[in-house]
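To begin, one chain is listed below as structure tokens, in the form predicted on its own.
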């Protein structure tokens, strides 16, 4: 199997699930919004199903294709926790995350999602460059 096919297949499944959630449930498939709704106990069944599917994905991948792709996290746990906290704050400030804005928002030609996605990308480039220089 070529290296890009798992990513292509994963992207297709993500897009399919996002479209199905929008068509069936009328909801945008942004994980930050789904988790926020779960914490507020709103629309819990769809949110729980989405999160279960998200968590089951790697197990399904391993069952179908054998092994999971190798992944290495070189950052320390405090750095990972700080990064997660900053991403969480950023998604709340931006009213969504990369999946909601980047996949569905851009597909709906949302100007807000275009601005949010551009901001995410620029912040990611700055963060990666800074970590490369100082990390």
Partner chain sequence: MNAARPAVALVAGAIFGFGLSLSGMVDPARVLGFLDIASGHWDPSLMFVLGGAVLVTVPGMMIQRGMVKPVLDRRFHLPEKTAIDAPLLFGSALFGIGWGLAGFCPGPAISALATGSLPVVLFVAAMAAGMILHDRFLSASPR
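Residue numbers count along the first chain shown, from 1. From a predicted model like this one, the values you see are computed outputs, not experimental measurements.
One more form of this protein, predicted in complex with its partner chain, exists but is not displayed; see below.
None of the heavy atoms of residue 66 is located within 4.5 Å of its partner chain in the model of the complex. The partner is not shown here, but in the model of the complex the stretch 72-91 reaches within 4.5 angstroms of its partner chain through a heavy atom at 72, 73, 74, 75, 77, 79, 80, 81, 82, 83, 84, 85, 86, 87, 88, 89, 90, 91.
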